[in-house]
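As structure tokens, one chain now follows by itself in the form predicted alone.
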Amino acid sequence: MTEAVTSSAHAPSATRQDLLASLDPLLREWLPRQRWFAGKGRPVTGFSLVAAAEVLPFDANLGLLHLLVRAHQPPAQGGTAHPGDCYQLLLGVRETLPPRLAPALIGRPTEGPLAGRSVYEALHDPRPADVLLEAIRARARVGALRFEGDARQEIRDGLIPRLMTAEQSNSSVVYGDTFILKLLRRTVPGVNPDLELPLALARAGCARVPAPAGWILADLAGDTSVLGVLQPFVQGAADGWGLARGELAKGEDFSRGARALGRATAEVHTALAGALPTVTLGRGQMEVLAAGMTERLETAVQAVPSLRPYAPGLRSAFTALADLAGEGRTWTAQRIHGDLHLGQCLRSPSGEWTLIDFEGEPSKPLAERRMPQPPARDVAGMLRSFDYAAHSLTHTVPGWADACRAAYCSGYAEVAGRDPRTDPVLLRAYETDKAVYEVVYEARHRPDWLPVPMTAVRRLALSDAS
């Protein structure tokens, strides 16, 4: 790195407490407004400092603080007490903030070690963003932070960083259209699939997922947390959601793209099954799986009464799965993407599909996200995504989603050797579970979108996959 780095991770506790106390009123106002803050709707009652590192020592011009901060909130209604989510914060510090960084301002502490200085979201500032890439290149250690990488991939200097603004649950910085650094905002100890699975796929030679070039870890109290992953940037690529909606808006068929995407998905599933252990799910495991789906349905019916008339039909999707397991049917489970939809897929200008963001559903516990599951769960997620795309515009094209869904499954079968539609009971159960989740989400956050999953609910409640 071009600058020396020091750490405040081992500073006296009084200094750490002073730092957090000075930031507390600013963070209480700023943090809940961030798109990646998970505790919306509940007040922040306080913070505790998990770790602090001075990645770029403050001088008259600029400093960079890396904080892991736990936000304490009352439990959600009906929920249990929770220690609070831990968030990764990168704070720039300047005496005077340039006008170009005004939108990134968090505030100016009135007391403590940062009193009178401007504290802001550092990722908006090219210099602090560049320091992170320099640290990965140098394999630096800064307090509890550990920057590592793949020595086989060259990380050139002089790559101009820019913050991407379209993400929801994390933050990403693109470096010169060569690399993209995804920073995980809500952190948990343990092996994160967003690094684990791309590394496994890289070792397996699967080109459908960019191989990690570097990563950022935090070693705390005997546990390691993944804080960020640096991967090659797919230059000129467009995400599947935008592509599908664009074709739909022109009234054009997307079946060819859907078929290619099905092949890409199967390639990733095949590589994961070869690289990591698989397990067989028998009667006991499948009954637990079906019971969990049924429980989520009952909870959803209480939250969204409009589901009630369809509950018996939806429930039959889960009982059919349990019944099939009771008859001795088994399924193979493996590591999967875990949150697959059109927005998690990129198509390059050459037409090749790439799958990204293997973190899984961030709201789920890490152990659950790392559990082997039937690949049909990913397939069901993509089938629901085609349905969403078909209903996302004011005008509809009859049969468009059905054609995409069929093409996707056909493409999947060409690589996997088995068509997901040949296991209709399992596929219906997963698609029903996903649609029920979507109903609750839309009812709470986007009521105008509620008709989309409700249309699927009516179809799934009446279908008979047995």
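As the structure is a computational prediction, the values presented were derived from the model and not from experiment. Heads up: residue numbers just count along the shown sequence, starting at 1.
Although it is not shown, the form predicted in complex with a small molecule is what the next lines describe.
Although the partner is absent from this view, Val93 stays clear of the small molecule in the predicted complex, with no non-hydrogen atom inside 4.5 angstroms. In the predicted complex, the small molecule sits beyond 4.5 Å of every heavy atom of Leu145. The shortest heavy atom separation between Ser255 and the small molecule in the predicted complex exceeds 4.5 Å. Looking at Tyr120, you'd find every heavy atom of it more than 4.5 angstroms from the small molecule in the predicted complex. The chain is drawn here without the small molecule; in the predicted complex, the stretch among 436-444, 410-418, 395-403, 62-70 whose residues come within 4.5 Å of it by any heavy atom is 436-444. Among the residues Tyr175, Phe318, Trp353, Tyr388, the one placing a heavy atom within 4.5 Å of the small molecule in the predicted complex is Tyr388. Of the listed positions (Met286, Ala273, Leu342, Leu227), a single one reaches within 4.5 angstroms of the small molecule by any non-hydrogen atom in the predicted complex, namely Leu342.
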